[in-house]
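One chain comes next, on its own, written out as structure tokens in the form predicted on its own.
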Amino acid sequence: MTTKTSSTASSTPAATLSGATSTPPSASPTTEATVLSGIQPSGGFHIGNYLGAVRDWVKLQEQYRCLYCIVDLHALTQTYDPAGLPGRVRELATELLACGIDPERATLFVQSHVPEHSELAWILSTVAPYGELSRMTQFKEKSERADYINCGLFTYPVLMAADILLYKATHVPVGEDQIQHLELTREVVRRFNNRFGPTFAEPMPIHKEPLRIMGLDGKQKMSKSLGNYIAVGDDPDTIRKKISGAFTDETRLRRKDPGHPESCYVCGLQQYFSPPDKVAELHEGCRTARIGCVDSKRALSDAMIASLASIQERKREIMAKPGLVDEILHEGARRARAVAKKTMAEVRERLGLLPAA
């Protein structure tokens, strides 16, 4: 359940907003809200992942019980290189830690290290409605692009439900493309509870102001598979080169023409990397033609490089400590399994299955 939520957004081509809103979880002295989210291991992530999800994960761990899962089982539904998967998992974990995920305050683990995810997914598939699964928009979109449609792609939302319910998460950060999956999870909860007795609570979404960062082409969502992205780990030269080819304002044909920052992709991205006064200055310069698109791109490159510098420095520090990432992931899996085993013992009892040895 790769999430795409964030806090601040605007009506620029860099971000497409949904009107749906939800109140973030509020902890009380007696009830601790549990937040779970996951991200697929495609290697390091891009700025769309960071702005849309990861920076919010960092904030959530300050107040709530958080579990963050690298969902490598979900990744199996796509064509991939098995030899490269371990490296992609470790790189993603490294960047999550570099961005501020703290293993002392949040549980960071790999999905396949907790076998109960697969066990619960099978059990939930026996109550998940086929009709609802067949109507999943994401399945339809992915199957249209695929040469071969595997069963796992169809039941992907059931595994996602298992990810959430295994830890009895009360809240799930979700982007607009995952809302339908969470609604299915809630339906699965109702069906399971009606058949076997009250076991799970319906998880609530956290989607304050869903943010969808568009790719450098200004036309499609930022994606590594589409090649229209800037990675959090990109070096300064790479960032400058990528932004130099980014979409700007198609109505501005000449340098002396006034620009329209509200419809310019590059100007839209500025708000996420520069302070408001700097953004206002750049937008005013664009409107009056005091600066051109090349100037805007240069300013965005400088701001983005400066913003990512601390993350990249922490990443280098983590990589300089061999075995640290594996140690953190193994400890995270140990903590996650302690919760998962307790849940599965309850589920097995509800189902009438003999206790596991």
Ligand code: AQP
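Since the model is a prediction, treat every value here as computed from it, not as a measurement. A residue's number is simply how far along the shown sequence it sits, counting from 1.
The same protein has a further form, the form predicted in complex with adenosine-5'-tetraphosphate (AQP), not shown here; the description that follows concerns it.
(request) Could you tell me if all three of 111, 118 and 161 have a heavy atom no more than 4.5 Å from adenosine-5'-tetraphosphate (AQP) in the predicted bound form? (result) Not a single listed residue reaches adenosine-5'-tetraphosphate (AQP) in the predicted bound form, so no.
(request) Could you work out which of 283, 171, 212, 207 is the residue within 4.5 angstroms of adenosine-5'-tetraphosphate (AQP) in the predicted bound form, going by heavy atoms? (result) In short, 212.
(request) Work out which of 180, 263, 223, 125 lies within 4.5 Å of adenosine-5'-tetraphosphate (AQP) in the predicted bound form, going by heavy atoms. (result) Of 180, 263, 223, 125, the residue with a heavy atom within 4.5 Å of adenosine-5'-tetraphosphate (AQP) in the predicted bound form is 223.
(message) How about residue 193 - does it come within 4.5 Å of adenosine-5'-tetraphosphate (AQP) in the predicted bound form, if we only consider non-hydrogen atoms?
(response) Taking the distances in the predicted bound form, the answer for residue 193 is no, it never comes within 4.5 Å of adenosine-5'-tetraphosphate (AQP).
(message) Within 4.5 Å, heavy atoms only: does residue 38 come near adenosine-5'-tetraphosphate (AQP) in the predicted bound form?
(response) Answer yes; at least one heavy atom of residue 38 falls within 4.5 Å of adenosine-5'-tetraphosphate (AQP) in the predicted bound form.
(message) Taking adenosine-5'-tetraphosphate (AQP) as it sits in the predicted bound form, is residue 78 near enough to touch it, meaning that at least one heavy atom pair lies within 4.5 angstroms?
(response) Looking in the predicted bound form, residue contacts with adenosine-5'-tetraphosphate (AQP) include residue 78, since a heavy atom lies within 4.5 Å.
(message) When the contact criterion is heavy atoms within 4.5 Å, does residue 53 count as touching adenosine-5'-tetraphosphate (AQP) in the predicted bound form?
(response) Yes - in the predicted bound form, heavy atoms of residue 53 and adenosine-5'-tetraphosphate (AQP) come within 4.5 Å of each other.
(request) Select, from the options 79-87, 127-135, 214-222, 94-102, the stretch whose residues sit within 4.5 angstroms of adenosine-5'-tetraphosphate (AQP) in the predicted bound form by heavy atom distance. (result) Correct option: 214-222.
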